[in-house]
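Okay, here we've got a single chain as structure tokens, the form predicted on its own, with questions on binding and movement later.
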């Protein structure tokens, strides 16, 4: 399929029930969504892939509700984040139980992003995994997906002030922990 605008692909998928158009949307966003889910699940690839698949299934079902004022990726990440939260609530997981998952630092090495094998990136990923899911999600969307604070607010369905608080407090924790780590690695 030629490189069509995402709004055109959405319209084709909704109005003509064009499976190829939706497949193209999936192809464009699956790597980034899977990476985001891996971050949220502390690098549990199997769980992340399941959540990403559930996200695309839900997106397909709800595609007719997509408002074209937002970016498709923001809308998709909101669905993904909500599916992640449903999973966490269903399993009643907290940060400790996610950290006890067998998929941890070893999964960092197989990630698709560019510099995941750097010691700094690994340390940041481990520190992010220690944060509660909502703060971890905010920082992930800011640092890795490079969303604006307003986009994060819309994706997560939380007030802009809450986003800013999570960013400020999360950055403070990361800076504090990284300062101690840099001193021990220097």
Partner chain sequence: MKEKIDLDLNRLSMPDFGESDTELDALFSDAREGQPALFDDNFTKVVANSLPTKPIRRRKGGISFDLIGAMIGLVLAYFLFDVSRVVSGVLSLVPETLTLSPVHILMALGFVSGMSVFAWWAVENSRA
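Residue numbers count along the first chain shown, from 1. Note that the structure is predicted; figures quoted are calculated from it, not measured. What we label the rigid core is the largest C-alpha set whose atoms superpose within 1.5 Å from one form to the other.
Omitted from view is the form predicted in complex with the partner chain, to which the following refers.
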ask   = So which of 130, 143, 160, 70 reaches within 4.5 angstroms of the partner chain in the predicted complex, heavy atom to heavy atom?
value = 143
ask   = At the 4.5 Å heavy atom threshold, is residue 123 in contact with the partner chain in the predicted complex?
value = yes
query = At the 4.5 Å heavy atom threshold, is residue 86 in contact with the partner chain in the predicted complex?
reply = yes
Partner proximity in the predicted complex: residue 91 to the partner chain, non-hydrogen atom cutoff 4.5 Å = no
inquiry  = Test of understanding: in the predicted complex, would residue 150 fall inside 4.5 Å of the partner chain by heavy atoms?
reply    = no
query = Taking the partner chain in the predicted complex, which residues along 17 to 36 bring a heavy atom to within 4.5 Å of it?
reply = 17, 19, 22, 23, 26, 27, 30, 31, 32, 34, 35
message = Please determine whether the C-alpha atom of residue 14 is displaced by 2 Å or more between this form and the one not shown following superposition on the rigid core.
response = no
